[in-house]
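One chain is shown next in structure tokens, namely the form predicted on its own.
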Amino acid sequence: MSDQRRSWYEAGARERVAALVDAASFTEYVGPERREISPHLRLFDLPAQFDDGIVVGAATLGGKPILVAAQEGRFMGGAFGEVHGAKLTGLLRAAKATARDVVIAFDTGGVRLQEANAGEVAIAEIMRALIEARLAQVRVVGLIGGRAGCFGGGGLIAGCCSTLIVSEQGRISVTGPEVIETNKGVEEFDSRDRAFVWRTMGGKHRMLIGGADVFVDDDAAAFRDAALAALDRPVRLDLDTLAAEQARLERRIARFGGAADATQIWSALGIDRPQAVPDLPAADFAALAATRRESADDAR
């Protein structure tokens, strides 16, 4: 690793994999030479990409064998289609079979509208494979800090991970800002208000309400260090875990359900100057979150 800082937000999928894993350790599965691309896009005269927008393979991280996936947010917004989803499903099934932990770099707007049915099926298959891998004592670590964020079915998959690592740029939600505005009106959610969008869906808010587990700066080395630490966390997923998280979410709705803005939630968490949170440097925010955030229960 170079001492020069590299932005996770600005990087592409292959650059993220290269920055994340040990040097020269990555072996790609279903690589570019296979030309496994979506059969649906050509029906709409849309461009295809040689890897269908996702890189999957095996590598080592800190000397430990892992499986790794990275979505390319600059192709179709990192959206899930049939081939894209199948590659991630296969990787998670391989993780269960080989007892290897998995690291996934999310960067997705959800499911491709052009292959919606195949994409929705893919989301369900990925979630099943992820849960089965976790029940087999495999850690699944999610990294979120890319341009496209993590929306739609990607948000559901991320919520199933054993650990989520997020930067300030890492927006997480099932429904995106424009979709909410379209269906509920601009008075309910103004998607053009970028500060409001970030306060509601951005990494800092998700960290404070237990929607993510680790907050890092927009730096590839920081993501790598956090992923290394996450691979040492205990493996846990059982009914007691899920029941505890369900109870926490019910308490959260009762406590914050009437809040009109994230700053009201931050104030209720005991943060003295909630309006200052968006401008806090990453290190200062991480220190604040360590004392004020809601803790999740290995599920969210």
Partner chain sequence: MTPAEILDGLFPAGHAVTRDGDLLSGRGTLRGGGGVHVVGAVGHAPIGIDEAIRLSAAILGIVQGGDDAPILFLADTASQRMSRRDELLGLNEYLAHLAKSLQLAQAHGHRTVGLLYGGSAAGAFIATGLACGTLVALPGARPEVMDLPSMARVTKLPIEVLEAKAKATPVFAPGVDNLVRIGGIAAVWDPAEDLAGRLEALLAGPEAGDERAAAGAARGGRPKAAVIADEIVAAARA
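Positions refer to the first chain, counted from 1. Keep in mind the model is a prediction, meaning the values are calculated, not measured.
Another form exists, predicted together with its partner chain; not displayed. Remarks below refer to it.
- Not one of 7, 75 and 99 is positioned with any heavy atom within 4.5 Å of its partner chain in the predicted complex.
- In the predicted complex, at least one heavy atom of residue 121 sits within 4.5 Å of its partner chain.
- Taking the partner from elsewhere, residue 200 is found to have a heavy atom lying within 4.5 Å of its partner chain in the predicted complex.
- Contact between residue 272 and its partner chain in the predicted complex is not found at the 4.5 Å heavy atom cutoff.
- Interface residue remark: residue 225 is not counted as part of the site for its partner chain in the predicted complex, having no heavy atom within 4.5 Å.
- A heavy atom within 4.5 Å of its partner chain in the predicted complex is found for one listed residue only; from 104, 165, 91, 220, this is 91.
- With contact defined as any non-hydrogen atom lying within 4.5 angstroms of its partner chain in the predicted complex, the contacting residues in 161-193 are 172, 173, 174, 175, 178, 179, 180, 181, 182, 183, 184, 187, 188, 189, 191, given in sequence order.
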